[in-house]
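Here you get one chain, nothing else, as structure tokens; it is the form predicted on its own.
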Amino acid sequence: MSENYIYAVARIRSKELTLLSGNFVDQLLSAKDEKECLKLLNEKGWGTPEMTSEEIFAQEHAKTWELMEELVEDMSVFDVFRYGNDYHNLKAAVKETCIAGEHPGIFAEDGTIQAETIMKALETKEYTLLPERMQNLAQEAVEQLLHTRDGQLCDCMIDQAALSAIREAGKATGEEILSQYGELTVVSSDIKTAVRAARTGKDRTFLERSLAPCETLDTEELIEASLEGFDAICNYLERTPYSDAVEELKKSAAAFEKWCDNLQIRAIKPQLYNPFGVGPLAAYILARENEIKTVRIILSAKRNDLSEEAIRERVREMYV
């Protein structure tokens, strides 16, 4: 497989030179307002002066996937990154089917299945139009929402299935970086869900329908800890590879989100020195999404007149 990506990796090496560095992020942080940030981004090749920030983000996201389509013949190797959009669109389609009225702008792009196909499958009850992994889930979700009107339960079912699909897709590639991405995606989601459940008094049934299995956390122990409370979750995590997360969880949900994102970035940094395989391409995708998220945080903070110190507490580490 490595030989198939020699040219692609060479292209990625040149593209890495255009990634946002920590120094550039410091320039954005030092800018006096959002307008000055946008000017700096325009000079960096992000969008044009007449574009809104959201239009710029959409364009930068599209650039990443256009590049991958140019470099990679079989895009299924990146399904681990795109399954999240599939399951988001399934949730949206279930609600669109079951709840009266139209809800424009609810579907995400860049999944592995067209949103129109998901809608058709649900509207016609032709669930075989969907991939096998989604057929029973789609039918059950529709029936659950129609019978119980419990949108949260419906979301939990689909989110759990999404996490399992992402983890399995990562493992199936046989690529360490993609398997690691799938595992860390499940871990971060499970911890966040367990903490929210502890703080809102959710029961075992909710947790069992929400948490997805993974290799580096014991789901049953995490459920038991969540039922006991936040301190029990922290005590459990202290005995796992994610003990560093405890301090961040005690600070705030935002601090933990930042910790999760930084963990992913640190995990992929060795790909900067990998000359072969799909790893550097996958790392580039994650690096691009990370910098878009970071810029979004900075612009939003500038728009709301947060101090530079407060913004720095939210800014993610950069890949380069």
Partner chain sequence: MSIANLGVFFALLGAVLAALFAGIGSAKGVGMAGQAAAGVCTDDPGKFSKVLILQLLPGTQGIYGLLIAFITMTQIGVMGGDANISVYKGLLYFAACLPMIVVGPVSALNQAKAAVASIAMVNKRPETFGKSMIFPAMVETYAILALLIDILAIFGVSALSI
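Positions refer to the first chain, counted from 1. Since the model is a prediction, treat every value here as computed from it, not as a measurement.
FYI, the form predicted together with the partner chain isn't displayed, but the following is about it.
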Since the chain is shown here on its own, which stretch among 271-279, 52-60, 31-39, 247-255 would lie within 4.5 Å of the partner chain in the predicted complex, judged by heavy atoms? 271-279
Should residue 310 be classed as touching the partner chain in the predicted complex when contacts are defined as heavy atoms within 4.5 Å? no
Is residue 13 one of the residues lying within 4.5 Å of the partner chain in the predicted complex, judged by heavy atom distances? yes
